[in-house]
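Form predicted on its own, single chain, as structure tokens, below.
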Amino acid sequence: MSDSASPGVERYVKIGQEYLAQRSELRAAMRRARFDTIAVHGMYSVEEAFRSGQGGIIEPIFPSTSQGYRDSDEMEAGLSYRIPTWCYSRIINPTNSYLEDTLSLLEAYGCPFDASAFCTSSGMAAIKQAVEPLLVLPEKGGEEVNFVSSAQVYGGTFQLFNVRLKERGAMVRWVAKPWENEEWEKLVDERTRFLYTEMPSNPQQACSDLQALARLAKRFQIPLIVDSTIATPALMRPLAHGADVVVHSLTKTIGSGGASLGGAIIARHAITSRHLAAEATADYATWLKLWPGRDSGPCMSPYSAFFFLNELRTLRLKVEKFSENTVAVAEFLAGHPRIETVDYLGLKGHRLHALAARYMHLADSDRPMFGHLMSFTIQGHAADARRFFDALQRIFRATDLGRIKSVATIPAISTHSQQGGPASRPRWCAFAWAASIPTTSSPTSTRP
């Protein structure tokens, strides 16, 4: 309490504490609910509906840039973060908070611990915000700061790690085969700040042994960060396997309707990091939102949050159908004479099928499922891939994925053109594919 604080400030603090106690009780109850119940309701209860407005049965949009306060005492309590507040939408917005509540409940579903979330303007903003505080350079010179990442990541992630973070003095060490634990072991040392993997990866379907990576990270007292965009919490919840932080491009699978851009950081409480202060590790996502995020401003629009909330309500049902349709298409393509290879973790003959099946299951089910992303290589040359690609009629040619409508791209000339190696070779003709609900029951309705 500052020297100039009025006794009225403490009155608002007490009211805030009572409200937080009520929210804690509701959150404890929601943590015992089933996956779909959480996805539908989140923390927006009947009581909350009347507290926040006119009793609307779905979360309202708060398009206002800022919150008004009753008096100077409430403003002081709010701006010092002593009471629940959304003083300015660059920091917090009520609609965004409803989305963050739901995402954190879903990612911590079935875990003995809780988590928090921070929603951002895009998936790349989420990745950048999640990793930057871990890469603060030491005050004394001479110490190299590094981090270890799977090389099989989204092209934007590769560019961020390989160019932008290098510009700031942080060196990435790439793991070419992220499913081989020994590859990670030999790259981690006392100067490593975090481990990062994407599972399943876009577009080559790489995956990692999350539990083994979590053990490695704990040994060095650093966090494991997992991009789980393709799986979503409906198929995989990395926190339950030892990860500290999960990032999403909500634009993709969760936002399958394709109407909004957004990202999310979900962090378990008490993440492992010997390089961060205790106030940061205790609740990393909230700390990011209130401090680094406040200063850099990667905020999500409340309109986007509203769209994502409504997309989340049917997430498990959509992901289940996406997975069923994609495996049908993958099996058809795997038997086609003009297709050289098919990369889909759901194919039993895939080299990583067994590893992926350990981690990817439909929520509230023991059914292994592997999502909507698939890539395949056409026999011949790059010109043959382009000819097939240009002939697509019902499938949109776009640098996107996870849509309710199927979308295809050639990563080597689009999303992954900045990566070296196979993605830069004309022969590499894989497609990233999001299989929507088909208009016929036969997978042959999609013919190469």
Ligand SMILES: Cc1ncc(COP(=O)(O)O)c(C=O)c1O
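The first residue of the shown sequence is 1; numbering continues from there. Just so you know, these numbers come straight off a predicted model, no measurement behind them.
One more form of this protein exists, namely the form predicted together with this ligand; it is left out here, but the text below deals with it.
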Q: Only one of 252, 289, 350, 318 comes within 4.5 Å of this ligand in the predicted bound form by heavy atoms, so just point that one out.
A: 252
Q.
By the heavy atom within 4.5 Å rule, which residue out of 100, 107, 244, 198 makes contact with this ligand in the predicted bound form?
A. 198
Q. Looking in the predicted bound form, any heavy atom of residue 371 within 4.5 Å of this ligand?
A. no
Q) Given that the partner is absent here, does residue 127 sit within 4.5 Å of this ligand in the predicted bound form, heavy atoms only? A) yes
Q. Is there a non-hydrogen atom of residue 359 within 4.5 angstroms of a non-hydrogen atom of this ligand in the predicted bound form?
A. no
Q: Report yes if any heavy atom of residue 262 sits within 4.5 Å of a heavy atom of this ligand in the predicted bound form; otherwise report no.
A: yes
**Q.** Stretch in contact in the predicted bound form with this ligand, which is absent here, among 334-342, 296-304, 187-195, 116-124 (heavy atoms within 4.5 Å)
**A.** 116-124
Q. Listed by sequence position, which residues of 387-412 have a non-hydrogen atom within 4.5 angstroms of this ligand in the predicted bound form?
A. 401
